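Next up: just one chain, as structure tokens, the form predicted alone.
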């Protein structure tokens, strides 16, 4: 591997992956594609391209630097479309809302190639993973539709309890502000956006800071698929737009995937926080705990993938590894052998795993973590570990890591793998218990009693305990949540429908007169809510 020659010659890039400059001045408010004449924000790729012996960072285009003025117009459109719950969208039948989502999915699929290409160029995600993100997002939308049909079918009945009869259904919460992360700017963004919409909320959507241009091919699909004001898409700096939205108090639902500090800062701006429903996916420092009896072949495979997929830029990545002292030397040797097989290169190259990083200044931050760890007694255990070429950072394996080092506590969100040796399992358990994060943990062992004991130690600490496998979000039907500073609310296909809605019921005493009234309403279809219509 030669990091110095990592970036490609311009003429070596396959034609189907080449990109031109895209100046995006469009944004969507109240069903109108509006034109922005003002300042623009450049969209810069992590990829450098060599021409005539010079390496230049690829500039992909630009997006509108909207202000609070435009953001508030978007919010007003969403508020008007919701109309205190009396708007067209929140009162529309479930089957009709599903039809709008299905239309959007059809139009979205037509943009697959363009979105996948922009995913690669904007955030450095490999072709395979970019395609997987797009396809998984489409599957998520289909699964959401199916889950809502199931939920609606279960609600299409009357219940009788203690002399009362009632129908219980889920209804929208109001106006939602949805903000996604740069590492999964399509999938994780849509995991909140689609449930919010399908449950009858109206939405203001601000794309991620990086991975923003790839929403452009979908703007027309949003415009054509939803009534005016139901989905409004804004761009710009968060401090100039999102803060103004929160200060109005008109946001009812805050869906945000990012840091707990960012979430706290924004939530504090809302004048009535008790009325703000928050669905948050935040930081994580997921540990992998490898006991002495673990199957090292499986452990190394899971830990290399778990810590370095998409360069470790996943909230569910394994961020710190606790390895029993008796096997740590062998583990590091095998880990390094597996790491050396990972191909470094450009996102579109066959078999590539390690790619440039999209965040400006990220390589300097990671270098600082490595230098701090070395200062406090760690060594870089792998060849070329921590080497940098502009936006590319070759993974650094640090050992032995201790509590004096920043990497021990901070979520690196990048390709630095800290390894902590331990003699007794209590050391790893204390780390999880005392951590301010609580998303997931992975336990690697073949001893059922020790696994069972550790499960019981962690069930009140994290949202998911993985046995002999890496931390992960999927399958999307499983709950995805966290404790402490790692999350608020639960996301999965079914759970997301619940967190973006509230249960409302119509109830009456089960007298013959009241039964007759209810029967007449249902038989004559006089109410959208009170109905026993069945979605096939």
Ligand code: G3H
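In this text, all values refer to a predicted model and were calculated from it rather than measured experimentally. Numbering follows the first chain given and starts at 1.
From this point on, the text means the form predicted together with glyceraldehyde-3-phosphate (G3H), which you will not see here.
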| note | Among 42, 38, 474, 53, just one has a heavy atom within 4.5 Å of glyceraldehyde-3-phosphate (G3H) in the predicted bound form, namely 474
| task | Taking 4.5 Å between heavy atoms as the contact cutoff, choose which of 170, 100, 353, 136 touches glyceraldehyde-3-phosphate (G3H) in the predicted bound form. | result | 136
| Residue stretch of 307-315, 393-401, 428-436, 112-120 approaching glyceraldehyde-3-phosphate (G3H) in the predicted bound form, non-hydrogen atom distance within 4.5 Å | 307-315
| task | Using the partner position in the predicted bound form, report whether residue 322 sits within 4.5 Å of glyceraldehyde-3-phosphate (G3H), counting heavy atoms only. | result | no
| query | So in the predicted bound form, does any heavy atom of residue 192 sit within 4.5 Å of glyceraldehyde-3-phosphate (G3H)? | reply | no
| task | Could you confirm whether residue 184 comes within 4.5 Å of glyceraldehyde-3-phosphate (G3H) in the predicted bound form, counting heavy atoms only? | result | yes
| Quick one: does residue 500 come within 4.5 Å of glyceraldehyde-3-phosphate (G3H) in the predicted bound form, counting heavy atoms only? | no
| query | What residues in 69-96 sit within 4.5 Å of glyceraldehyde-3-phosphate (G3H) in the predicted bound form, counting heavy atoms only? | reply | none
